[in-house]
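As a starting point, one isolated chain is supplied in structure tokens, in the form predicted on its own.
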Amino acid sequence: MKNILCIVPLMLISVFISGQNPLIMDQFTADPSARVFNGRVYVYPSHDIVAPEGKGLREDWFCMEDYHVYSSENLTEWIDHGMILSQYDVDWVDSTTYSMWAPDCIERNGKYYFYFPSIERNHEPRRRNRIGVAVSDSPTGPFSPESKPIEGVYGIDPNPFIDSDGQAYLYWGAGEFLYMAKLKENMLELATEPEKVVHLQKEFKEGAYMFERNGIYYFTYPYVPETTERLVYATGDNPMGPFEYRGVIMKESPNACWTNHHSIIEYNNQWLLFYHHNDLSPHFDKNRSIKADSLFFNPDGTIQEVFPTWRGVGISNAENKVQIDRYTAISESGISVDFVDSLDTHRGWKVAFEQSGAWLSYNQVDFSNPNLEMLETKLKGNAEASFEIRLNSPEGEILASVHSNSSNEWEIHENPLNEYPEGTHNLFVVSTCNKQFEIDWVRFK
């Protein structure tokens, strides 16, 4: 097949300090396919955007025109490596449809194969959804798309998998059914005819993801039992099944987000579930944001249900902004969480304290730099504010005390540390006044 070089403009690489959910705050991301390449986690999501005017697109539907890739070593600092593929770079894609849906990427023999779905221009009746491949020498691109989609594959949400014996497979969705086939060595063509994955639920299914652990093959996927998707799984002793349905990985979104696509990886001896909800767009579930939480197995190999958190995974560096509004735990009263700016949700959340004794916690903050002396707080209020930063519990050692005549505008306040802790600690922010004040973040310098 003819290769067409995808020319990606030179972009500045930006680091987004997060350490919590959602992982990416500056734009909408969905359908996270996470992979471990060379000791680093790479996430290949789709990219939700607001439907451009004048294109004849549905305003109430999904709209995606390109892909970015993000990477991290510590799961808290994510690098955006920029756009790696656009609908305008692929000959066979109908670029009027904005249909660059859930992708995935895999490495073989030093090459990186990026699989993506879209709507084919001049497609056959009832066969408009196709899957293509773009190839690169690097996990961050540039990727060169093949001039044609994969022959014989009609559907969406591709998932490649390479077994320990070197045989590669491809899984994809097509409405009520999920399909699978072996791939040739070149990773660009099917080696066998597509087969339906049988003995699963009869409802709508998509977004399959395969992984292997201790000789068990886990066929995971979202499906719609009623109105929104839940993540479930089946297991087998062969990548082509048969698979036996086993149970739920994650129940429906608490925000009623219709979709929830995912991936599951092992990184630094911890299994992780990547998924998406509409946290940054609570009133429009076609603009999603990717998240991650820890996943655990029972001794018999079954998966424990994962509950979505706001804290996420990874250890936060004390010198970076600790977004305490995305808490690990919170007191029962005297505290509330809301967007910093309801018109710009990408700015994240703030926390409002309303009474003495109210607290929240943020776990796993790394104090590895022994030279830190000051606490810095982004603070807002209309009266005298006072609170304490305590270690490991609401009654723990006082790391810093803050007393400030805060204004009704956001201000940065500095306070000396009582002493400097060593190692990794949980932080507790405890109000010591009955005045209302708001905090965006804290950090140490």
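Residue numbers here begin at 1 and follow the sequence given. Because the structure is a prediction, the values reported are computed rather than measured.
Heads up, the form predicted together with a small molecule isn't pictured, but that's what we're talking about next.
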(request) Report yes if any heavy atom of Trp101 sits within 4.5 Å of a heavy atom of the small molecule in the model of the complex; otherwise report no. (result) yes
(request) May I ask you to check whether Ile156 falls inside a 4.5 Å heavy atom distance of the small molecule in the model of the complex? (result) yes
(message) With a cut-off of 4.5 Å between heavy atoms, is Thr259 one of the residues that contacts the small molecule in the model of the complex?
(response) yes
(message) With a cut-off of 4.5 Å between heavy atoms, is Glu206 one of the residues that contacts the small molecule in the model of the complex?
(response) yes
(message) If contact means a heavy atom within 4.5 Å, which one of 59 to 67, 36 to 44, 383 to 391, 409 to 417 is the stretch that engages the small molecule in the model of the complex?
(response) 59 to 67
